[in-house]
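Let's start with one chain on its own, the form predicted on its own, as structure tokens.
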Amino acid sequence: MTKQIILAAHFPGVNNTTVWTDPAAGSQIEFSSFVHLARTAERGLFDFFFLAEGLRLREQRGEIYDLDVVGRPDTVTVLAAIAAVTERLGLAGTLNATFHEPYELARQLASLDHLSGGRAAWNVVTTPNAFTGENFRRGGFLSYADRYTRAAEFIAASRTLWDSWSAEDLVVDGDSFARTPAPGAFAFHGTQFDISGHFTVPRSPQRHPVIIQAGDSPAGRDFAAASADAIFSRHSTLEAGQAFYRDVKGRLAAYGRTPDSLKILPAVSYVLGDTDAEAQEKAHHIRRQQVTPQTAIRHLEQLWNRDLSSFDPEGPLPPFDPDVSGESIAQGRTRLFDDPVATARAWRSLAEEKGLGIRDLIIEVTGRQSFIGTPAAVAESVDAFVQQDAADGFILVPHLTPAGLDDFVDRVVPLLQERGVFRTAYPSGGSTLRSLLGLPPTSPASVASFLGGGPA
């Protein structure tokens, strides 16, 4: 059976995937930029709009790293505003399960679901570092291994709150606001959270907002299999995507779930041209804008864990190994390399084999999955990845804000519609994001199984 493709639009903000210095780039923080990208995605009949979040400006060598995640307004505030200027587009926000609290976040997401008519989604992320925790009351108290335990309990607590109102509790045309004398009663007792009382927000249209999760470790895959409706992944080839797809979908049965209950949505970029050669030339130019000489050195420092500012970005890699004895030179991001020495030696071998300097080597090793070619070729590739079970759809990451999605909607979406693999209109009536994605009702039991120590 031909699969229907899921499409989402990512608003990345300033970082090393966005070419924010391009003359065609607009503001990264003015509301008009968010409106343009969201309305373009809705014009293209996309499933949802996706926002990232940064809780502290990243630092490197003790200085703010202003080319990596700077200037992101508050996620829920932006999504609530976008809800007012769109009608059918889902609204997904990245919100941290390490530093927020379930009662606070469950209220915000349930409120967004009400305000948007059932379009809210939560991309659950965790943070193990104390650097980010310094901005919060609890501080950086979590170990790397414990972060998923807290996140799973956070989701379970949030679902308890969302379930605290029944569909019959709210009366909109009677003499009272609530049918029952004490609606929203809840109690959740766990190792991370011990809360009870009455939830203030009546049941929202989706009951539970769509849960998205990103993570590639075995623990992250189990967490997604137990708790998520969609997983935000990153794989560079069809074969790697198929292996990930098989692995994650294969974990679902252990949590009492079916393959359709979790959608796999890699983040991808794209470049279009009238010919393949033109597209390749544009892609080469974009990559050199993304990986500036400064960015190349900064990225190399994250592996070597040393100050490499004296190195020529176009010259050879350092002849010595990374420093693995001290604290990380980069603050505010998750660990990038499990074995820095082995990775550095592999990069050095690759550079020598291909005759690459530092900047070209970084371009080579940091490239994300990207569809490059004519609109017809890109449409064919997108469809092939989905039909051959390397993905259920994609979260598109345009390199330009806010107009970077325009040509995909105008030139690729119609070709996907001609293939019969993408909708030609939103469903009639008041469908929610959950129904738009073809997701079944949520299963709190799977979260309980994860908290119990693993698959049932």
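Note that the coordinates shown come from a computational prediction; the quantities given were computed from them, not determined experimentally. Counting begins at 1, following the sequence as shown.
Not on display, but discussed next: the form predicted in complex with a small molecule.
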Legend entry - Touches the small molecule in the predicted bound form: Ser217 (any heavy atom, 4.5 Å): yes
Inset, instruction - State yes or no: in the predicted bound form, is some non-hydrogen atom of Ser233 no more than 4.5 angstroms from a non-hydrogen atom of the small molecule? - result: yes
Legend entry - the small molecule contact in the predicted bound form: Val409, any heavy atom under 4.5 Å: no
Inset, instruction - May I ask you to state whether Tyr144 is within 4.5 Å of the small molecule in the predicted bound form, using heavy atom distances? - result: yes
Inset, instruction - Would you mind picking the one in Leu37, Ala52, Leu396, Leu45 that has a heavy atom within 4.5 Å of the small molecule in the predicted bound form? - result: Ala52
Legend entry - Listed residue (Leu161, Val125, Ala330, Ala296) with a non-hydrogen atom within 4.5 angstroms of the small molecule in the predicted bound form: Val125
Legend entry - Option from 356 to 364, 312 to 320, 255 to 263, 89 to 97 whose residues, in the predicted bound form, bring a heavy atom within 4.5 Å of the small molecule: 89 to 97
